[in-house]
Structure formats: C-alpha cells, structure tokens
Ligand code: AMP
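Let's start with one chain on its own, the form predicted alone, as structure tokens.
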Amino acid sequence: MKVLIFGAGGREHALAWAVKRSPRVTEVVCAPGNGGIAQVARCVSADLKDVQSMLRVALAERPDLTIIGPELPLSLGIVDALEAEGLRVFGPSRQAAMLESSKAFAKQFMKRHQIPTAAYAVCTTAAEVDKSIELFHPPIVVKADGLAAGKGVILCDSRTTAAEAAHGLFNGTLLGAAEQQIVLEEFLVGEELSFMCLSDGKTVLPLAPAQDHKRIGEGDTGPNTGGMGVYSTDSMLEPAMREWIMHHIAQPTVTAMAEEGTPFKGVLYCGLMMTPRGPEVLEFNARFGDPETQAVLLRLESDLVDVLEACVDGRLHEVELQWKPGASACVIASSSGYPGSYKTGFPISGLGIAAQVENTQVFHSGTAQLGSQIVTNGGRVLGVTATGDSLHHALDRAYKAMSDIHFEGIYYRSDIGHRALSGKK
C-alpha cells in the first residue's frame, strides 16, 4: 500500500510513524511534511490552504489511502474533492467538519440533540452581544465562530471585557479577520479531558483518553497554546464513565449527524470538561488532536492502517483495538516567545541521543532540514513522547530524552501530568 498524509506537524509525524509500522504499507508520502517526517516518509510540496494544490498531489501520487491531518483542509472540503476523484480518504466531509469549523453550528447542533454542553448565545452583531451578555455571570467565555488556530477562545472576568473581546472579534482587531458571528458561553469548572473516537458514520470506537496542557506556564498559568504536553493513562477514565460519554455524547453525535444527512467519518474529538454535573462538551474537533495523537498512538498496538480502512469502508463494528497497558506522555519543546512572536532557524542537537532512550519517540512539530542539519521552524518544535508501566515511568523517560536535546531558546514545561501525580484529579 501507498499512504498519503496531508499535514506538517507533530500529529502528522506520529501518524506517519504509526502507518509506517504496518506490514501492509510499502510507502508513506507526506505533504508538505517537516524535517522529522522526512525520516519516515517521502515529503512533497503542497499548500494546505489550497484544495487544488492538495488535489494535484493526490492525483499524481494515486495513494491507496489518504489521511487528512489538520482542520483547515477539512474545512475547505478536501475530502469531498478527493472522493469525487475516486480516492479513498480518511476524514469527514466539509459539511461534517462544521462540528469544528463553526462553533455556532456545533452549539446549535448540540442543543437540537440534547448533547450536554455549556449554556450559550450566538451573536451576529455587537448589539446582540450587548443584549445577550446580561444573561451571563462572569467569568464569560467569548469564542470566534471559525477556525482560529487555538487563539479564538477568550476568557473574560467581567461583562465589560467580554463585550470588548466580542467587538474585537467582529471588527477583526483580535484575529486579523472579522468574524461574522461569535459565541458567548458559560464558564465551566472542572478537569479537561480529550476523548477521541473513530467513526465510520455509524459505529463509534473510542481511543485511549488523554489530558492536554494548554497553558504555556508551569502550574497551568499564562496564555493558551496549541498544547504544551499531554498524558494518557488507563486510570484517568473509569469504564463506567467512558460508557456514559459514549452513550450520551459520542454515539448520539454520530447518529444525529447521519440523521441530518451529513454522516461523520473520521476522528470525532470530544473536548470535554468533567464538571460537578457531569461531562460537558467544550468543543468538537473533526480530526486527530495535537499533541494528543502523539501520546495515544504510542500506546496503540493495533495496525492503524487496518483501523482507518475499516472507517472508510463502513465496517468499524468489526474492529477491536488493542492497547499497550500503562501510560504515555508527550512533552512539547517550544521556541522562546511562543505563543507570541518567536525566531526560527536554530540548529537542534541531541536528537540521536534522545532517540536511544527506551520506549521513546521524538516527534517533530516545527522543524526543517537544512543540508544535514535539523533546525527549528515553528512555535512548537518537538514532542518528546514515551510510554511506561506508570505515568511516573513514562514521564521519566520523556524528560530524560528531553534533557539531551538543545536549541537556542528551548522551552518546555517540567510539570506535565502534575495533577495526576499529585492526586488532584
């Protein structure tokens, strides 16, 4: 088999690594890829913002299976375009991907189908914001409707700051482009959980749960990022709670999408808040999470290609996933200044030594290859990921490997998994 993966980050490196392990796969192609992905796949140029550019690559390569990594190509309809050409592709259609690409669509969908989520209001004008905001008690969450690369969620401690944030989204000063609608949302308190499921449009199959660390600073302080680390353990979700989430959130979502004529095939990522009144949906993503995928795939013992093909073929009910017991952890090494402005092009040393740590993989998020040298090429640069019999064990390996890696301005959190380790779960 030849497998084509679209994307350029740590998620795609983990996907390429997992796909490469399948005995059925003879070639992995990634577009556009990065410095690390080039070590396990043949990288070709592609513009992820342009459906025609991606379509040209797929038609030239004629893969047996195409996997879509990031959210932007999904929102642009790349799956629809590839399927129209008769290609087999893993990922949701443009309409189904609206669960992620439109916060307003997702909230209204959840309301229609009684899927638990925070109270909200969708506003299309500043006047509607000023009227609706009186219904909320601070703190108030203000969300851009569209994709915003993790920057479209603003936590506001007063109605005044919430109104200012909403107006900033409407006039384009906050994200650089004006939003047509925004969502005001009740602030939820609890532990966040990343609950990713595979779906073939009917059947839903859960992956191992994970918890992401969004804040840049130790102790979960400072601005939000795309994710500074993640861990996955057997004990983080009791079997009864997993069944509750499947029965009340994941399966009803897939069933309702099919009933509405937009069957969801791919990864349904349920970003949950485990509140005192039960799990509630913070957001849906329509693809593998990043960095959750790095930690989760390291624990997956089943052949990923077999599983994804079952989704494409509508026979996911035949699949039973096998998992490595214990735990996994991914620690992100970022560029100094991230998530604000940062410089790139710094040489990275120690990757070979780090890769020798037992049960450890170094996934590249933002790197490039210059001659024989790997250099930094993004805000999040590397995801050092390890498995172990326990979370302590997995983290020890990840941090041991991280200590061998160096580049100018390297920054990483030293407290990934701190809540689980301290018992404050």
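This structure is a prediction, so every number in the text was calculated from the model and none was measured. The first residue of the sequence shown is number 1, and the count goes up from there.
Although it is not shown, the form predicted in complex with the named molecule is what the next lines describe.
Taking the partner from elsewhere, no residue among Leu48, Gln52 and Glu83 has a non-hydrogen atom within 4.5 angstroms of the named molecule in the predicted complex.
Partner contacts here mean any heavy atom within 4.5 Å of the named molecule in the predicted complex, and among 137-145, 163-171, 335-343, 314-322 they occur only in 137-145. Contact with the named molecule in the predicted complex, defined as a heavy atom within 4.5 Å, holds for exactly one of Ala250, Ala354, Leu300, Val153, namely Val153. Checking Glu192, Asp306, Asp130, Glu218 against the named molecule in the predicted complex, a heavy atom within 4.5 Å turns up for just one residue: Glu192.
In the predicted complex, the named molecule lies farther than 4.5 Å from every heavy atom of Arg94.
Among residues of the shown chain, Asn224 is one whose heavy atoms approach the named molecule to within 4.5 Å in the predicted complex. For Trp244, no non-hydrogen atom is located within 4.5 Å of the named molecule in the predicted complex, even though that partner is not displayed. Within 4.5 Å of any heavy atom of the named molecule in the predicted complex lies no heavy atom of Asp234. Contacts between stretch 100-123 and the named molecule, counted in the predicted complex as any heavy atom lying within 4.5 Å, involve Lys103, Ala118, listed in sequence order.
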